[in-house]
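Just one chain is shown here, as structure tokens, and it is the form predicted on its own.
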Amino acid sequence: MLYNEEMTYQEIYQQGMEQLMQADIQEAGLDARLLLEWCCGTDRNTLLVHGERSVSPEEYERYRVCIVERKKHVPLQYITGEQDFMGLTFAVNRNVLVPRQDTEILVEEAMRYLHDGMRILDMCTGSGCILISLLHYSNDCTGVGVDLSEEALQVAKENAERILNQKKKTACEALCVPDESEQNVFWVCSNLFERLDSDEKFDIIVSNPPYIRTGVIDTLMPEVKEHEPRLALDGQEDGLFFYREIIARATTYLNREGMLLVEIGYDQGEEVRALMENAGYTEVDVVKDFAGLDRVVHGVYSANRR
């Protein structure tokens, strides 16, 4: 891409799109537009209504660098450093999976059962998008996010500080009171439940664990297999390793009538349902996504407590 001060916004967009098409980038037109908007601080209407606007050399250089990265199949979200999820904007980098719309099904299902004042555990939290969304859209709930990656937890912490603190600030300003609330989210670096106190109890446990079969990962699109953290993808040989571990061990941490909800791969619904039922969960249900594919399994643990 070569800069010419007489080139318009529309022409520079066209250059970027053609470059991405040549690199076999899916949705090249959409990505070229989103990157240009990010580099120029514009919106989608600019291309439609103000396509003749000029682009500064600085804006063009930012765009050129972004197009070079996207041509390498670096996910667009890692280039911009952000992704929208549940109406919120989360920071992301190569240490966390990019939040996906499919995972919103898990959050929406959890919200159906979430009441004010509940305690939530998010196992394999990554960017924190699931837990932070649940806390943002509820009142007086507290949460713990667990991940094996310290780098991922740093991303989650930064997201929580920005999104949840803004919610507190807005609420306090509306009530004209000082913000004296205590922290309502905590982060634990742990291999699943290893570093959690067995006396801790939660009303809801949510998880989007690694669930892709090891042998399948190398068949995925380059954006995923080459750039997203393998630690967050690999569900071991049959893809069910983390479900077995989480379903079995979550019973220690759930309050009576507590609920476990997990995101699953499209072909894992019946296997995960059986794992839950065999572990003593009741009211086990498989929920489909908007494409009609199995996406979430949840159940209630009703065993008697001492």
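Every value quoted in this text rests on a predicted model; they were computed, and no experiment measured them. All residue numbers refer to positions in the sequence shown, first residue = 1.
The following text describes the form predicted in complex with glutamine, which does not appear among the structures shown.
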item	value
Heavy atom within 4.5 Å of glutamine in the predicted complex - residue from Cys124, Ala160, Ile79, Met118	Cys124
Close approach of Ala110 to glutamine in the predicted complex, 4.5 Å, heavy atom	no
Gln83: touches glutamine in the predicted complex, heavy atom cutoff 4.5 angstroms	no
4.5 Å heavy atom contact, Ile205 to glutamine in the predicted complex	no
Proximity of Leu97 to glutamine in the predicted complex, heavy atoms at 4.5 Å	yes
Among 132 to 140, 70 to 78, 208 to 216, 188 to 196, the region lying within 4.5 Å of glutamine in the predicted complex by heavy atom distance	208 to 216
